[in-house]
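For reference, the chain that follows is the form predicted alone, supplied as structure tokens.
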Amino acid sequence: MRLAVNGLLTSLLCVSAAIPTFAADNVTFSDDERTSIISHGPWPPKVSLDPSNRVSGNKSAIAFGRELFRSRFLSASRQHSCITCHKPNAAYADGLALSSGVTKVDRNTISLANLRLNRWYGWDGGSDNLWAQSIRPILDARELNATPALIAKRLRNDPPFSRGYQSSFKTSPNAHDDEQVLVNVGKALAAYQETVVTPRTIFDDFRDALARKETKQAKPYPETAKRGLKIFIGKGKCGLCHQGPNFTNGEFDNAGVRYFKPSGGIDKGRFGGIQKLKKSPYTLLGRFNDDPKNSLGVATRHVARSHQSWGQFRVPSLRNVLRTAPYMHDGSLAILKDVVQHYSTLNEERLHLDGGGLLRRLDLTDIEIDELVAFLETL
């Protein structure tokens, strides 16, 4: 009997030894887990220029866009600017539950970092390119409350901004096409925003060390964060939505958050966003797209509203997440721990009316919640 037990233990040890693992302090990652972790990098990724924006990557346009972004020039009242809601010292968000320009709006401000990696823009995906998304708040009566005619007139009559425009687009503001002038302003703003990229983090150093199989370089990463990382890629299945180097699939889901507007009525979410997209003159299917091949317009042409898109909002990036509180499209969750607890106790009856959702209640313990938060803080 003792020989049988010893033989069984020997067999188990051999099986265990055959499973590839990567040890980091007291936490062990399997080969599959290691592959999952490595998929969240490298950072920063290589990003191509935007073919729909002829001044993408243009130094003059970037400088012009930066001036427009920081100035109150685009506000009808000259009392607001892009940095009213997107403050550089607040991770290009504003720290408020609901943003406010001319008046308070119904949604939380999304950070502007890493925008060139997006496919859709805004909480509802109402824009299919960054320059169109840059135009939206200029025209919104609740934000900057301007018009194409007002912006074009100001550009023609303001020598410094007119020179910036001419330097960027090699032409003066068109006297007969106010809308084209407005679109070019949006493209200069987009060129600047493309340069806003979050820095590397201690997670990136840890990820790179795993990729190189360099145990010593992985050691400085906090032990609690490693346990949270195991939850993120394992029990939490967070990577189903928060994929890749930017920790988002760039799509939309119903996260079980209310979709009643604070100002009254219902926020249609993705359903309303598709509706706006189809009506917009500033999409990749319109005359303002600078890409003659229209290489990115296929998704816009075929996207369609469905009942399931009600209450869906964009999956945000988790990079810089500690600095972009409060959270969710309505700013209803104040701190990261609130977000993790929300998913841990998710009411699934409010989700997946058409059976296609990815989210499930996580049922995390208090310790697991703290560990997952510790990991998120390293992003």
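Residue positions are given as counts along the sequence shown, with the first one as 1. Bear in mind the structure is a predicted one, so any value in this text is a computation, not a measurement.
The protein also exists as the form predicted in complex with a small molecule; that form is not presented, and the subsequent description refers to it.
Undergrad: Select from the listed residues L284, L117, V105, A152 the one whose heavy atoms reach within 4.5 Å of the small molecule in the model of the complex.
TA: Checked against the cut-off, the match is V105.
Undergrad: What is the one choice in V183, L130, A225, L277 with a heavy atom within 4.5 Å of the small molecule in the model of the complex?
TA: Exactly one residue meets the criterion: L130.
Undergrad: Even though the partner isn't displayed, in the model of the complex is N289 close enough to the small molecule, meaning a heavy atom within 4.5 Å?
TA: Flag for N289 set to no.
Undergrad: Evaluate S77 for contact with the small molecule in the model of the complex, applying a 4.5 angstroms cut-off between non-hydrogen atoms, and reply yes or no.
TA: Flag for S77 set to no.
Undergrad: With the cut-off set at 4.5 Å between non-hydrogen atoms, does G250 touch the small molecule in the model of the complex?
TA: No, G250 is distant from the partner.
Undergrad: Is there a non-hydrogen atom of I62 within 4.5 angstroms of a non-hydrogen atom of the small molecule in the model of the complex?
TA: No, I62 stays farther than 4.5 Å from the small molecule in the model of the complex.
Undergrad: Would you confirm whether the three residues V55, G273 and V303 all fall within 4.5 Å of the small molecule in the model of the complex, going by non-hydrogen atoms?
TA: Spot residues vs the small molecule: no contact at all.
Undergrad: To test your reading of this chain, name the stretch in 175-183, 160-168, 197-205, 82-90 whose heavy atoms come within 4.5 Å of the small molecule in the model of the complex.
TA: This holds for exactly one stretch, 82-90.
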